[in-house]
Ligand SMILES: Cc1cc2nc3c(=O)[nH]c(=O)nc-3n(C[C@H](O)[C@H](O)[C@H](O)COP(=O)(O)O)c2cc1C
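Below you will find one chain, with nothing else, as structure tokens; this is the form predicted alone, and questions on how it binds or moves follow later.
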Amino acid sequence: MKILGLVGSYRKLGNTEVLVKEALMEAQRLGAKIDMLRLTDLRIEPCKGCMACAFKQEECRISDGWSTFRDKLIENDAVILGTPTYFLGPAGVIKMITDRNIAFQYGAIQHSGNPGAIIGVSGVKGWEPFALPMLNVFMFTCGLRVIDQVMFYAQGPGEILLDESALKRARRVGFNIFEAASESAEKRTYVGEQGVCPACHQNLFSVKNGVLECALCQAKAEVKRANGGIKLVFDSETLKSHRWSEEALLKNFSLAILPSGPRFLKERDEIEKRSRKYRSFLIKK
């Protein structure tokens, strides 16, 4: 068994890296072979939206560190991802790689279904509402199934080393990911902190036509009054066929993505004609 640690922090031996390494050490103690990749050591360029991976089933045309990340991901049986929080969400390298992971969604590489665990670090409680959701998006686009996730709180570099309970919880992450990787996919269960959404365990919702919808996975729920407060009653069908289910991804690809290519080619001449007036606008000669 091979377990990969991904660190999305520019601080070497900062709180994020310490926690990821603590989890990896526990997995190694249990018998796993471990590896670690600092995502911030890679040169990652933005996705250019060429969609060659989708329409032509090609490898990503950008030659940079994303291929190193991809190869490491494929080589391992499980992943532990850690990142600090910057202004309510994870470090920018996470979004950069997430955008490039469209090649996993629509390219030749199929979802592995391998287990993953998330370690988030925030300096101040309440300033991390998008961190775990965005880290889950990263994992979903990698084809990984999150079985554990936890948010830690520490500010100064390495300060987490003074919190034994945090180090113990990080070791638990290593134990949980080792256990999940040791079992068949059918037996893997989520063991992390329970969020409001039963599908992705996140707490971000939007209101659409009077119905609550999980912003991450699109599971739908009705609001009911209960014991002086409220409770959410989730629709069982959308819990099964949420945004990241294999069925929903294939449907999105076949009904929303693929038809856009031929439609654009059919409309390209008219688009070209209408775009001419914008070409020189605000362009200095």
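Note that residue numbering follows the sequence shown and begins at 1. Predicted, not measured: the structure shown is a model, and the values here were computed from it.
Keep in mind that the form predicted in complex with the ligand is not shown, yet the notes after this line are about it.
S.K.: Should Pro157 be counted as a contact of the ligand in the predicted complex, where contact means heavy atoms within 4.5 Å?
M.R.: Pro157: contacts the ligand in the predicted complex.
S.K.: Using the partner position in the predicted complex, report whether Val207 sits within 4.5 Å of the ligand, counting heavy atoms only.
M.R.: The answer is no: Val207 has no heavy atom within 4.5 Å of the ligand.
S.K.: Is it the case that Cys214, even though its partner is missing from this view, gets within 4.5 Å of the ligand in the predicted complex, heavy atoms only?
M.R.: Contact with the ligand, no.
S.K.: Is Arg11 close enough to touch the ligand in the predicted complex, meaning at least one heavy atom pair within 4.5 Å?
M.R.: Result yes; Arg11 sits at the interface with the ligand in the predicted complex.
S.K.: Would you point out which of 164-172, 69-77, 184-192, 122-130 contains residues with a non-hydrogen atom within 4.5 Å of the ligand in the predicted complex?
M.R.: Of the options, only 122-130 has residues within 4.5 Å of the partner.
S.K.: Which listed residue (Asn136, Thr85, Asn176, Asn114) meets the criterion of a heavy atom within 4.5 Å of the ligand in the predicted complex?
M.R.: Partner contact (heavy atom, 4.5 Å) among the options: Thr85.
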